[in-house]
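First, one chain by itself in structure tokens, the form predicted alone.
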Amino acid sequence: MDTTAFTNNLQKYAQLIIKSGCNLKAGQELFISISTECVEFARLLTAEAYAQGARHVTVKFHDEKIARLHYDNCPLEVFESVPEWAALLNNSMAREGAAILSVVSSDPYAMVGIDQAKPVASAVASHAACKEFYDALDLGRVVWCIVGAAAPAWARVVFPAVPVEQAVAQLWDAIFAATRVTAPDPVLAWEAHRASFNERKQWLNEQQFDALQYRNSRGTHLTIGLNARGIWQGGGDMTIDGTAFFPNMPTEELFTTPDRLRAEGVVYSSLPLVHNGALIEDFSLRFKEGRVVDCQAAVGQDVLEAIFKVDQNAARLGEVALIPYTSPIRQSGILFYSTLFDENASCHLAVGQGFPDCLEGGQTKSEDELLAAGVNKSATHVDFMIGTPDLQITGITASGEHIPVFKDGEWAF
């Protein structure tokens, strides 16, 4: 590894995350969630945040090996509640208007074989105890950003044929490329990237599609209803006070929230899905009246089934996202085994929580009003990839007109 180039890119990456991803303001709090494997990067992010004028940086470390010990040794009831201090930490960060930064570096196989009832219980308990925190994220009250950082266990899976030190270096290089860190000015590159979404986003919003119809040779035959006042988003997000930020780095998607009650047919996955530290491969979901009524997986059937047990709305769609098959991440040829990256290589869907800002006036509506308008409410949000080189997507208007949106995996307009 060229250590000088690596150090320079890592510094640029930290600056990009703080300046563009979080758009951190002078005097603002920053809340970082990160693995113990990435302590050096945590220090770099903290230093950059203070250089940008942060009032205070709170870092919450987590460790997958300790988490695995918890899952293997603690009874189910331990996961059915959240310690008071943990809820206070999360909720107070949201109350203070902190920017919320999550750094992912997970081993795709860290939790293989655990009792899936335990992470399900943990998700339910967390969303109940930390409602103020999750509402702040969902309703645009705070900035939030998810980014990746290379770690040995993850790198071994992505690049299994090389020594681990080389694998980590290659994973960092892949992360830098995917997040435009190698551009002369990454911050300006991301502003240009934001603007590049505008033309297609405007076209999609002008069509006011009532539904999208998906077809491909893998067997996908699915029709998804859209909300009457739905909005297509992409290229970054904005809080209710007008602060622009990037929730995901990288991002290549245009997305909206579908009608939670209208999905009919079957859809087949196109890439593996890592969920709760376990792999799900070659799976399909069958929808009826908006709900998953059957699921089948060649690998990870128990993990797949557990997704839909989190709550009564976990089996309904919260997102549809459009990404051409020739996206930069797909063209890299790297399967990251991380949804943050792999979802940007493929059209995808997500079950669970929908996005209030994908509905006109949605960020000011109550939960009941959002549900009535078609926006799903759930304690989970799980993306899964469905894009293929022969994917056809047709938009259907309220008058019944059929308009091509994707042809052979690419934009049709």
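All values reported here derive from a predicted model rather than from experimental measurement. Residue numbers run from 1 along the displayed sequence.
Just so it is clear, the following notes concern the form predicted together with another copy of the chain, a form of the same protein that is not shown.
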Hey, in the predicted complex, does Q331 get a heavy atom within 4.5 angstroms of another copy of the chain?
no
Given that another copy of the chain is not shown alongside this chain, does E77 nevertheless sit within 4.5 Å of it in the predicted complex, heavy atom to heavy atom?
yes
Interface membership of L371, another copy of the chain in the predicted complex, 4.5 Å heavy atom rule:
no
State yes or no: in the predicted complex, is some non-hydrogen atom of S33 no more than 4.5 angstroms from a non-hydrogen atom of another copy of the chain?
no
Only one of 361-369, 346-354, 374-382, 54-62 gets a heavy atom within 4.5 Å of another copy of the chain in the predicted complex; which is it?
54-62
Would you kindly say which of E84, E206, D241, E289 lies with a heavy atom within 4.5 Å of another copy of the chain in the predicted complex?
E84
Here the chain is shown alone; which of A297, L322, M93, A278 has a heavy atom within 4.5 Å of another copy of the chain in the predicted complex?
M93
Residues within stretch 23-45 having a non-hydrogen atom within 4.5 Å of another copy of the chain in the predicted complex:
T36, E37, V39, A42, R43
